[in-house]
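A lone chain, given as structure tokens: the form predicted alone.
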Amino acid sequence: MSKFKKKGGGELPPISTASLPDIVFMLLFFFMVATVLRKNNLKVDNILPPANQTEKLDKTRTVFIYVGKPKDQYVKGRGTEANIQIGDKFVDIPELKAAIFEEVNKLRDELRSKVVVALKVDEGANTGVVNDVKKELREANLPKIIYITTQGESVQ
């Protein structure tokens, strides 16, 4: 008589799935933290002009103004001339100050005094609209204005 008995089959034990929910939640949190969601839905064409001397922008204290022709689905209500978009809505020149201050108030309190207005102007936009925007910004006491461009060779 033997003291120890051999097991009958040489089967492998099943794989433990106890840690699977932990792995799934780690991946979920990683993608939630690492994903950047688009803030604004562009309603205007925005092909930016190239420039060869560009700098990185600090986006924490920036308010964006988009100027360009409306996209095809918005032409019926806005026409084919250059329009101004702030946030997710079209803005006319008389409403510009109110819309800018609405966006500025969304920033943190300590950044409101250091606001930089970034103009993203389409290549084909009329410069008269840009001048009107700049005039309204001066009247609103927002003198820090920058133009957003793409990296490339500028037109000679």
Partner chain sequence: MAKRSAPEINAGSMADIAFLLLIFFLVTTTIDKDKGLLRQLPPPIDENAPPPPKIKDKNLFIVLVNRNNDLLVEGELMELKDLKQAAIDFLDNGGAPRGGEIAYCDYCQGERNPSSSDNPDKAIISLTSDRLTDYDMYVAVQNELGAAYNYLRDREAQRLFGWKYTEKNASLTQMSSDAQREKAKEQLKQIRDLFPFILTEAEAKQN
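Positions refer to the first chain, counted from 1. We call the rigid core whatever largest set of C-alpha positions still superposes within 1.5 Å between the two forms. Bear in mind the structure is a predicted one, so any value in this text is a computation, not a measurement.
Although it is not shown, the form predicted together with the partner chain is what the next lines describe.
K.L.:
If the criterion is a non-hydrogen atom within 4.5 angstroms, does every one of Y74, L96 and K106 touch the partner chain in the model of the complex?
P.N.:
Negative, none of the three is within 4.5 Å.
K.L.:
Can you tell me whether A51 touches the partner chain? I mean in the model of the complex, with a 4.5 angstroms heavy atom cut-off.
P.N.:
Contact with the partner chain, yes.
K.L.:
At the 4.5 Å heavy atom threshold, is D122 in contact with the partner chain in the model of the complex?
P.N.:
Yes, D122 sits close enough to the partner chain in the model of the complex that at least one of its heavy atoms falls within 4.5 Å.
K.L.:
Within 4.5 Å, heavy atoms only: does L57 come near the partner chain in the model of the complex?
P.N.:
Yes, L57 is a contact residue.
K.L.:
Even though the partner isn't displayed, in the model of the complex is N41 close enough to the partner chain, meaning a heavy atom within 4.5 Å?
P.N.:
Answer no; every heavy atom of N41 is more than 4.5 Å from the partner chain in the model of the complex.
K.L.:
Across 87-113, which residues bring a heavy atom to within 4.5 Å of the partner chain in the model of the complex?
P.N.:
Nothing in this stretch is in contact.
K.L.:
Indicate whether P143 shows a C-alpha shift of 2 Å or more between this form and the one not shown, with the rigid core used for the fit.
P.N.:
P143 C-alpha, core-superposed: shift of less than 2 Å.
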